[in-house]
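The chain below stands alone and is given in structure tokens; this is the form predicted alone.
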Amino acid sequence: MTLGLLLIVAFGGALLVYLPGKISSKLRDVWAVLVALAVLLGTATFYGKSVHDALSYQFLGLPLVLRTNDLSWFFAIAISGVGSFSIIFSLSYIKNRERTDFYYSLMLLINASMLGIVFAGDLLSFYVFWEIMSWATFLLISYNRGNALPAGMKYIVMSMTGSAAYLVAALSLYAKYSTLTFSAISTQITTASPGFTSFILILGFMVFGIKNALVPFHTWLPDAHSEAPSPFSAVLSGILIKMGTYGFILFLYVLVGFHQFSQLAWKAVSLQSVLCWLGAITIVIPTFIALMQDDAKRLLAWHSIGQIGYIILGIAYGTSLGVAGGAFHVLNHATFKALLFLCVGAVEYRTGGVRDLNSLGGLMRRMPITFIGALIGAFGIIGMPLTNGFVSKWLIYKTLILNQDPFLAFAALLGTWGTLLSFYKFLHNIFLGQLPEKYKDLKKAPTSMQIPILLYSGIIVLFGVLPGIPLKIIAGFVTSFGLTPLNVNLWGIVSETGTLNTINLSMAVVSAFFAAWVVFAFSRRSVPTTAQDTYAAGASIPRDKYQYSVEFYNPLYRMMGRYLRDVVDEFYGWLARVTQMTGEIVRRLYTGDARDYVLYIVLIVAASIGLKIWWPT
């Protein structure tokens, strides 16, 4: 199979899903799943291959190029995997809703366009696929209408701003080098002036920072994640925002080269340090804003921003361990964050759309598979041992500590502490405590929802115990960037400063759990009691709340709330209001009446004469 044929299957399947839908909804569902799985299997066949195909047609005389290597395949397999799992989950979630043919078509179209982005070998092809992805994403964010419409508008306005910046960068590169292919630009840009290189990278930071939801370009993401259908939220958070990460890697390591990027500075401030600190800020502030959320999807959305901070920090730092940790966290975040969104989607599906953490509780016994998935996903995002998130965060921590960056290291650790607090609340409020009376007959999630949850859970543990499987691919493209080669084995990375051996770590954790089980097994038996029988120092259990301490972070909210406002979003809101007001003034001045324009001219001439008399020189 060629890359062109793979994209034809992906795009053709997305467009043709309408036809089976008009015949039978079951036929459409089968078609959507088959297309997604075919794309996944087709992508898998390119493992270890390096392909560079110039397509047989051109656009305005410019060649269109497709290519794949370790970097693009790494992202492509994550794209097709997350897309397939979300399609399977959608079989029950989206059933009996309106415009389901439209939904499946857009899901497959977004999957195809993301594959096109990572397989593109020139800036023009990249842009075409990027725009398809952006507009299809806008339509799916707005799918539920109502509050989803302004969320979609916020997203597309910011995406259009990024697209304009991309066009300026691409046209500037073409004007200077007369080519748009990545390979040709990368060989010629080494002679560019620091000013031109900085200009291109700053435009790239704007383009990919918006899609990556990097602070201060993050404001579209909480609303978009909250309002989109949950299976698409898994795609949006799991892999779509990582297209920004791919763009960062493409510009920093493929087009410009990290050595050249690291030399760019204005006085004592380098672009590299600015990007690292933006990553650190993105870790800390959104993570603690997430802690204050009571909507499950908004909590996960803010943590998507926070976890992007780890990725950007590792990639921007520029060492082999740092880039490996950041790239591995791309894959890890795709698994545990998609899993968490699917778990929330399963709860939402069974409870009739409830996402308020203070209105749930006790669902562990009613939805055990969903609880296990949420628990493993929470452990992954926190970075607990035996999960993939532990390995990628360990690589980033080690990078910062070895290079003696205590403040960046503290920011990364602070983000983990905030994540731990948030997901204790997340798990406790949804699955533990008292089961509300109205959910006593709640059914477990459908099989089509449980399958992706179990698969994601298995991947998180597998890559936590045997991280060498994905790290082998990552080590390949890290070396191609000109960085120090990594010594990777099946269970970790060997380095001069120590070895990460997840097998030994796994045995230690399992032994500790076994010892704890022995202690509890031979201790006095606990006395069963009802969930309502709690000691609350005289406080009664609130009506319809799962237990008395439902808002037990309130003291922390009172301490931190005033400092954890999204001031960037408030600034953008003020800017939008000023722009709207200015436009309204201009609209009133532009009357279409020639007499009014003559009056404007007279007033301007009079003002000019008066100014000349008052200020003659």
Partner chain sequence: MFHQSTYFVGCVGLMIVGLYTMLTKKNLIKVIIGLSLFETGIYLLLVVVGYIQGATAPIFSRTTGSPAEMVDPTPQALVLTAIVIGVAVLALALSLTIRLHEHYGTLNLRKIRGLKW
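It should be emphasised that the depicted structure is a prediction, and the values quoted were computed from it without experimental measurement. Between two forms, the rigid core is the largest collection of C-alphas that superpose within 1.5 Å. Residue numbers count along the first chain shown, from 1.
Same protein, other form: the form predicted together with the partner chain, not shown, and the subject of what follows.
When the partner chain is placed as it is in the model of the complex, which of 28-36, 581-589, 41-49, 553-561 ends up with heavy atoms within 4.5 Å of it? Among the listed stretches, the partner-contacting one is 581-589.
Heavy atom of residue 599 within 4.5 Å of the partner chain in the model of the complex: Contact check for residue 599: yes, within 4.5 Å of the partner chain in the model of the complex.
Using a rigid core superposition, assess whether residue 45 undergoes a CA shift of 2 Å or more between this form and the one not shown. Superposed on the core, residue 45 moves its C-alpha less than 2 Å between this form and the one not shown.
If you line up the core, does residue 571 shift 2 angstroms or more at its C-alpha between this form and the one not shown? The answer is no, as the C-alpha of residue 571 shifts between this form and the one not shown by less than 2 Å after core alignment.
Using the rigid core as the reference frame, would you say residue 19 shifts its C-alpha by 2 Å or more between this form and the one not shown? No, its C-alpha moves less than 2 Å.
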